[in-house]
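Listed next as structure tokens is one chain, alone, in the form predicted on its own.
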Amino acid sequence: MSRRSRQILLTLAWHALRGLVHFSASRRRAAFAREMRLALQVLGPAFVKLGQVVSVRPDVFGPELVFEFEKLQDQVASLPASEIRSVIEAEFGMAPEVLFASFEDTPLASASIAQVHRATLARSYRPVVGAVLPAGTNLAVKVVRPGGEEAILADIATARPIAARLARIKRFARYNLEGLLDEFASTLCSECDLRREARVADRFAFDFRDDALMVVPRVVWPCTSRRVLTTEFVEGWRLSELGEPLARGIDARRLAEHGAQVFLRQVLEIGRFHADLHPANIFVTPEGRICYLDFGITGTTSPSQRIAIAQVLAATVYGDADRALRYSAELGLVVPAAREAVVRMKVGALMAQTLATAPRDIRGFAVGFLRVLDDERVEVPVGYGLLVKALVTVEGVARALYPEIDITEVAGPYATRMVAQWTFQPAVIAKRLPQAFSAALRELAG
């Protein structure tokens, strides 16, 4: 066994033991998740990225791990500017000073995959969406770190024998750790091709082109390649830095409510949603607009799924466990008949505990709901779990803007309106009228 393999095993074992000393099951799960997050941070960038993959897989991992791993920050020491410059020259055949009007060597941010630098646009450019960007426009240039992908793949290769050993232990077998590493490697290769992120950003910019409170940085395609992504630079504050904008009089409640509406529109109308909306991926601009960043993880919904999601949201908001589970089945969440009564009872009790009084606790409900499904061994579809987690994240973002917000006050009417519009479509009425007529006759006949 290599020295690195021993380090990985010892670090994971030490933190696992620290997390399992609590007597209460709920405290033990929370402590174990926290210790695993700390272990991944100690083990370095590859394991931080792996934890971030886990954080968007509530269909596989327990809610404690999913939401704890969301806190993982991918920050590493910056590379010398000369190495970043060499990547740009290799991609475009020219020095950064030729490609751009100016290029700053000091990075704005540095992560395991890419490093971001500020630059200015050399020539005016008409983006795919929006007005012309004039020469001199401030830019954010994201550059894939040379050797970063290879270093992470090397750690993945080291972790594979460990995953194979853990798979023999009953507690870990259900997680398919080797499959997770395969998924991670595939995700990493996709993330290192920045053209994909650029295309998704353009789609979101088009979707919200008429939204006065929403902004997506526009892509500068002549300065974008597989290893370089160039967008306009958007000034703003992260959600952890809102003291100044609030002091300037930005309407935080309006932004919080609008942010929730933006997400609901993505899921219920557009059919494509940003699935990684943690606070680092959202800015508030000086003009009081919401800015989306980093489009590496997205989800999609089909027309039939959108109606089912609206039904589930409405049922959840109004505390109807039976209806929520019935329409969840249309989204692939199938509860075995032998467990159906228990699951319905537990979900109903959870709704009464977390959603009966304002402000409703969507996060508490979602964590509890996923815990019920995990305890009862109900398989969670990939898209369903991602959607549940995204809704919780949106609530967290909204509360970062305005702590007193009750997101159900936005989601309930929005989902109810969607259900009503669908219900009164002629085709739906024609399909359901015979059933309604038969039910009425049975009722009249006693």
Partner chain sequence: MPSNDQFIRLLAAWALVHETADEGWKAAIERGVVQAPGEMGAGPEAFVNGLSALVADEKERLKASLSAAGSGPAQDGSDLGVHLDELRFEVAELRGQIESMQASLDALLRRSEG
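Not measured: the values here are computed from a predicted model. Numbering follows the first chain given and starts at 1.
Keep in mind the form predicted together with its partner chain is missing from the figure; the text below concerns it.
- With the partner omitted here, the residue from Glu91, Asp374, Asp155, Asp361 that has a non-hydrogen atom within 4.5 angstroms of its partner chain in the predicted complex is Glu91.
- Listed residues Arg265, Arg199, Arg254, Arg323 were compared with its partner chain in the predicted complex; Arg199 is the one with a heavy atom within 4.5 Å.
- The stretch among 405-413, 27-35, 40-48, 383-391 whose residues place heavy atoms within 4.5 Å of its partner chain in the predicted complex is 405-413.
- Proximity of Ala185 to its partner chain in the predicted complex: non-hydrogen atoms within 4.5 Å are absent; the residue sits far from the partner.
- Residue contact with its partner chain in the predicted complex: Pro222 places a heavy atom within 4.5 Å of it.
- Among residues of the shown chain, Val129 is one whose heavy atoms approach its partner chain to within 4.5 Å in the predicted complex.
- Although the partner is absent here, Tyr125 is a contact residue: one of its heavy atoms lies within 4.5 angstroms of its partner chain in the predicted complex.
- With contact defined as any non-hydrogen atom lying within 4.5 angstroms of its partner chain in the predicted complex, the contacting residues in 189-211 are Arg195, Arg199, Asp202, Arg203, Phe206, Arg209, given in sequence order.
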